[in-house]
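To begin, one chain is listed below as structure tokens, in the form predicted alone.
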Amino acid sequence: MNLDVKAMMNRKSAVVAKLTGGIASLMKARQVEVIKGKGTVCGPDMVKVGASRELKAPKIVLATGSLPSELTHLPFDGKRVLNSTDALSLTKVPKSLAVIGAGAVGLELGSVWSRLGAEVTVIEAMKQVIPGADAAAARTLASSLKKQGLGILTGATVESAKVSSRKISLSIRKSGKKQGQKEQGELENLDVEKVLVAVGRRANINSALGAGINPERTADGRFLKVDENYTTSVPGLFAIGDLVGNPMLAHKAEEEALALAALFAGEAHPPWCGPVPGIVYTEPELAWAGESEESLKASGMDYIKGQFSYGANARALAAEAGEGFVKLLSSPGDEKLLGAVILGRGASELIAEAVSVMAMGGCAEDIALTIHGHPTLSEITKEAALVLSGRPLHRA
């Protein structure tokens, strides 16, 4: 079997074109004028498009998103040193690829090109992949990806890089020490064909702001400061999405856009107050929402947990997807659901149930008492809730 990268990329482009074309059709149907060009906010009620066109509006919304963060010693060139967009547009599979950063983007793209045949090494400065996620889930995910052939170095940093016409040479310093490994802090060299830098993103604030338009920023300067109605310090200027804070996720930005549009229309649609799910689209998938065991321990808050394995679920076994688990965390007194983590097939879909329950202030028993179709992966969440409530069904 031969891999046709061109055909794969053509299909990707076709899917993107269908989705963007659908949005264009919706805009037209709703009589929304779409003006293409670079927009610059020149005043509280003025946007300049291009060199000459000016638009006046009492309300202006900034939704310019974010940009990939760059490393000073590895600036993007689009050919050898890649950002996430570049890595989605390669015309052939690289022989070797280093991925700097084991967050969602790094693991997703790294695992894709690894499955397509590249020798991939992911380098992460923190002690675990997906820093900030549930530690047990992160360990299990890393183990699974390693079994699939993905190289992962945690507690490691790229101190220097040399880009030549034939290769990129990275000097990697590993922290920590384990029996049988090299001395702590020793440098290792890694030569690769390409490097993907996936160390995070930065809010794209300045691209649409003209001279003299300086909305107040957050204390760390990374985001625009807004109130509960997404209003900036500039009258009539609003901001949503990646511009106003973490998490930098499309579904969070969409929900903020819906709330702001409803506000403009005088309709009731309060800003989302529930947890925002985080998702890693690897195989297996990882999804989480609310508190983790680590965050609850750090805050000194008591909790109880219920966990159930994919390996005891009929649908998972039939699909040869028995790797993973669902973990639910609740307060011990009222069993109010505090957090959820799901590692396994379809985790991105399953997390919505826990998010909904947490948003409504519900408890694990709400999930345990809800009928779930059989055989489905959603039964794993029900089983975890039953375990948490002390009434396990398919566990001794």
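If you're wondering where the values come from, they're calculated on a predicted model, not measured in any experiment. Residue numbers run from 1 along the displayed sequence.
This next part talks about the form predicted together with a further copy of the same chain, which is not shown.
Shown without its partner, this chain lists Ile35, Leu55, Leu67, Leu26 as candidates; in the predicted complex, only Leu26 has a non-hydrogen atom within 4.5 angstroms of a further copy of the same chain. Only one of the listed residues (Leu338, Val357, Leu343, Ile60) places a non-hydrogen atom within 4.5 angstroms of a further copy of the same chain in the predicted complex, and that residue is Val357.
Judged by heavy atoms within 4.5 Å of a further copy of the same chain in the predicted complex, the contact stretch among the candidates 112-120, 71-79, 251-259, 202-210 is 251-259.
The closest non-hydrogen atom of Asp227 lies beyond 4.5 Å of a further copy of the same chain in the predicted complex.
a further copy of the same chain is not drawn, but in the predicted complex it has no heavy atom within 4.5 Å of Pro44.
For the chain shown alone, Gly362 is a contact residue for a further copy of the same chain in the predicted complex, at least one non-hydrogen atom being within 4.5 angstroms. Contact check for Val15: a non-hydrogen atom falls within 4.5 Å of a further copy of the same chain in the predicted complex. Along 272-286, residues Trp272, Cys273, Pro275, Val276, Pro277, Ile279, Tyr281, Glu285 each place a heavy atom within 4.5 Å of a further copy of the same chain in the predicted complex.
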